[in-house]
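So this first bit is one chain, no partners, the form predicted alone, shown in structure tokens.
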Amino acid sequence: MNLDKTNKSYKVALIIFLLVLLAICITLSICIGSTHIPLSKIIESIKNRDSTGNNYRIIRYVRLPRTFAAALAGCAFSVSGAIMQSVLNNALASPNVIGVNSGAGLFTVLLVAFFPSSLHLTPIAAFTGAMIAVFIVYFIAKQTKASRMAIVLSGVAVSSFIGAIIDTVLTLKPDVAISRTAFLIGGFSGVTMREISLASILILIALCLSFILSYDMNILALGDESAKSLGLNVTSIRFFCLVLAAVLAGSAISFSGLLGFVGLIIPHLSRSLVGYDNRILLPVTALFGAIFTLMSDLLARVLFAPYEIPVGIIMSFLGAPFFIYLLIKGKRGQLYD
């Protein structure tokens, strides 16, 4: 097989491979847990639809929601990161780095703490917080008229400030119906289909719109002056793309918590496989993100079985060294103006 990233056959083969790998990860995610269920038993339970059977209840109410949530969150975070890196032209941009995760987390905590009867609006609250955070960061960086690194530094500062507010709310409202550790680290334990129903709709719509705008993102990545010379409305497209990135990350945070680094790692790994064309990069990133998150969730379940650790810890172990690598790589000029 030709390994040329621009070769159409290579791209088709890669997508087919990722789809097969995703199917394997989904199967393993349904089979593996505190109770191991063989694939034959899963097929039998689904076929018979015996609601009184233990295996059927585990599959329907525990494994399927968790698997769907992990795959959906992986797609959302990774594509959100790819969009941010493209439209901001910054290799370090990702939902957790530039404050999107923190903003979404803050509004989610505020909703749970002060409006517990409106938990069905969690995805809306998370999206609102993500939007506010990303535009505060972008405004600060714009005012400095500094390099692209100003966005990252602004994000670190905003994230730290928002994190302090979250800690304050959780300290003053200890009876908040949310697991502080699970939410701040991120994970999928106990997630239900009802919790992710609205978020899944928002994520799927945002993914479709992202794929439609992928060509405009390619033009935007050339730089503002070049994009304007080609007739692109830079301000409007960048604004709308950031809105999509905020919808993706905010909706995922509403049911997964503050998962970190998946939006930073996966776009870079996908870029190394298919290059910088967002028309193929975004679909590959979505598939790769779902696979990575499902595999991380599996590791979180089995590494210290019968105990389970939050999946966010696994991602942090993998993501932190990669983040350091990108910073070191920046000394050769890839990350700075």
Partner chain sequence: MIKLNNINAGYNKVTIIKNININFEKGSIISIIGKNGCGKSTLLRTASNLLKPFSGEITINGTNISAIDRRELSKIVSFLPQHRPVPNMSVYNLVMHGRYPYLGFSRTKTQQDKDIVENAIRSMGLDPYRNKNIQELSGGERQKAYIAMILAQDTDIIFLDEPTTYLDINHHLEILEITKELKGLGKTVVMVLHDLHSALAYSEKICLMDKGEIVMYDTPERVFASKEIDRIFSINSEMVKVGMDEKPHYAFYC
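Numbering follows the first chain given and starts at 1. This is a predicted model, so every value here is computed, not measured.
Keep in mind the form predicted together with the partner chain is missing from the figure; the text below concerns it.
Although the partner chain is omitted here, in the predicted complex all of 222, 276 and 279 have a heavy atom within 4.5 Å of it. Of the heavy atoms in residue 231, some are within 4.5 Å of the partner chain in the predicted complex. Within this chain, residue 114 is remote from the site of the partner chain in the predicted complex, having no heavy atom within 4.5 Å. Put simply, residue 172 is far from the partner chain in the predicted complex: not one heavy atom of it is within 4.5 Å. Though the partner is left out of this view, residue 118 does not reach within 4.5 Å of the partner chain in the predicted complex, counting heavy atoms only. Heavy atoms within 4.5 Å of the partner chain in the predicted complex are found in one stretch of 189-197, 207-215, 161-169, 71-79, which is 207-215.
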